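Below sits a lone chain in structure tokens, taken as the form predicted alone.
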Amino acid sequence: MDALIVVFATGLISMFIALAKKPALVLGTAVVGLLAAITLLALQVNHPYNLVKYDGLEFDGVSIYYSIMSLVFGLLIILGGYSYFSRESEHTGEYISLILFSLVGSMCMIGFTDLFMFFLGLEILSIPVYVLAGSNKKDLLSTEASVKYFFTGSFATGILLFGVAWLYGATGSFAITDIANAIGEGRASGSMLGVGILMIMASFLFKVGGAPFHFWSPDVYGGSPNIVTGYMAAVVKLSGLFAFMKLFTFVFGEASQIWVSALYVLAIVTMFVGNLSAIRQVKFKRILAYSSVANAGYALLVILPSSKDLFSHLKALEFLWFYMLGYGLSIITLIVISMTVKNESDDLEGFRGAGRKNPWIGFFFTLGLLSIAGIPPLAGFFGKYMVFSHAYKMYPELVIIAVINSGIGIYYYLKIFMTFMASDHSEETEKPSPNFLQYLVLAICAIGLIAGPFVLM
């Protein structure tokens, strides 16, 4: 709770500092605030404490690790996107403040203990992103992305609230421990509970980009500014998947007969829709959008229960953490590099030969692609291995399907790689020229992708 207050206060301070129209000062404030919040959380890993306590939020154990990852991703996004945010000095503070406020929502979605706080967290996370998606006011696609994300997000929120209402009717409580006890003791059952759980699952699938609720992803990812796309793919997906797993594993676990079959089928559909759609895309961010859909399908495997043992559930949360570490660092790497290539159209051909013109950028880009493709010994491989090995105990056929889909993914990742590293580069392709902050972000991501799994395991 203390770290959440620090992030919120940092966002407020950044907004007021923005009046001075000094982007560097706003950046420094945001970095200091996020580092302070990360430090507070790190100090609580082994000795949880709260100077400020609220019953609707609880940060201890695994939720601290997820909160740290969310804040680290947010920090990398702010640093990597500073060159974009500072183009309009009068709005730099607003852009960075929106990210900070959205991170507050991310932490609420991670630490919630009742559905009321979960809903608040979801809205605090999402509303700033609706605005950021349309922040490139000169681009009509950015405006379209913002409007489409807002309306589809509002529709998903309506489904969520309807599901929560049914769930409350079945259990008589918003507190997740009371709901879990009511389901476990058999006091909540029947069609009212089933409808509530399935509606909540539909809203979650929208938030994480799972089929058939993925339809917003290509247009929103493709139209949003690059750095906002990176934020959605890393932080928003991380928060959504953790909350998804927290509710369905620990709260709805005793009612798994209601939702497991549906999630099983939708995981398969999500993987195939994401990978097969990505193959025929010619825009870089649209490829990443469909790749994000496919990766959501892989992540759904770890939400499917392998047993009713609490230790198994905790291991599943650990595996999802490693999976999102590899995916988040990979996507941030690719997005930051895409910002360094002057390719306004976002056509894949606009990246032709860029890696040859700047070998360092070629190296970082290769790392990001290999990791997101699941090639050893990078973080993305270990994350996929953990998720697949966890699901293999109960769903071996599903893991085989996931491995086949990973092979399909390697095909279009290889297509991106061959284009980016082509020797017959176009003269129109400018040499990528990252600034110091972008090189710093890429170096941190590279260290995490290469050394992270070995250090953390």
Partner chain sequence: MDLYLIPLAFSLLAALAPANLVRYVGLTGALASLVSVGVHGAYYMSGWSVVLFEPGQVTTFGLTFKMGYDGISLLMVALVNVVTTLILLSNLNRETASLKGFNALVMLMQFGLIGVFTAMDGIMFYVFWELTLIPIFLIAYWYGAPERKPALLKFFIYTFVGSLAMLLSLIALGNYADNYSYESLVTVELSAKSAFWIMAGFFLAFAIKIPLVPFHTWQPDTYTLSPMAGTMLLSALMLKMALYGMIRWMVPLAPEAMQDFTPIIVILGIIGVVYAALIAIKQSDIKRLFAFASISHVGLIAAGIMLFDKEVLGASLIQIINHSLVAVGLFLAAGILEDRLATRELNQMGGVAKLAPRFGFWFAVIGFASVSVPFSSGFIGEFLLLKGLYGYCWIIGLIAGTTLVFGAVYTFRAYQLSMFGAPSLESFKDLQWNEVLSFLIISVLIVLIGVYPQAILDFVGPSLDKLIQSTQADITILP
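Note that the structure is a prediction, hence the values are computed from the model and not measured. Numbering follows the first chain given and starts at 1.
There is another form of this protein, the form predicted together with the partner chain, and it is not shown here; the text below is about that form.
- Only one segment in the set 352 to 360, 96 to 104, 76 to 84, 333 to 341 has residues whose heavy atoms sit within 4.5 Å of the partner chain in the model of the complex; it is 352 to 360.
- Using a 4.5 Å cutoff between non-hydrogen atoms, L120 does not count as a contact of the partner chain in the model of the complex.
- Interface residue remark: V45 is not counted as part of the site for the partner chain in the model of the complex, having no heavy atom within 4.5 Å.
- The shortest heavy atom separation between Y54 and the partner chain in the model of the complex exceeds 4.5 Å.
- Contact between K315 and the partner chain in the model of the complex is found at the 4.5 Å heavy atom cutoff.
- Of the residues G172, P376, P212, G190, just one reaches the partner chain in the model of the complex with a heavy atom at 4.5 Å or closer; this is P376.
- Checking M421, I64, I38, L27 against the partner chain in the model of the complex, a heavy atom within 4.5 Å turns up for just one residue: M421.
- Taking a 4.5 Å heavy atom cutoff to the partner chain in the model of the complex, the contacting residues in 383 to 403 are Y385, M386, F388, S389, Y392, K393, V399, I400, V403.
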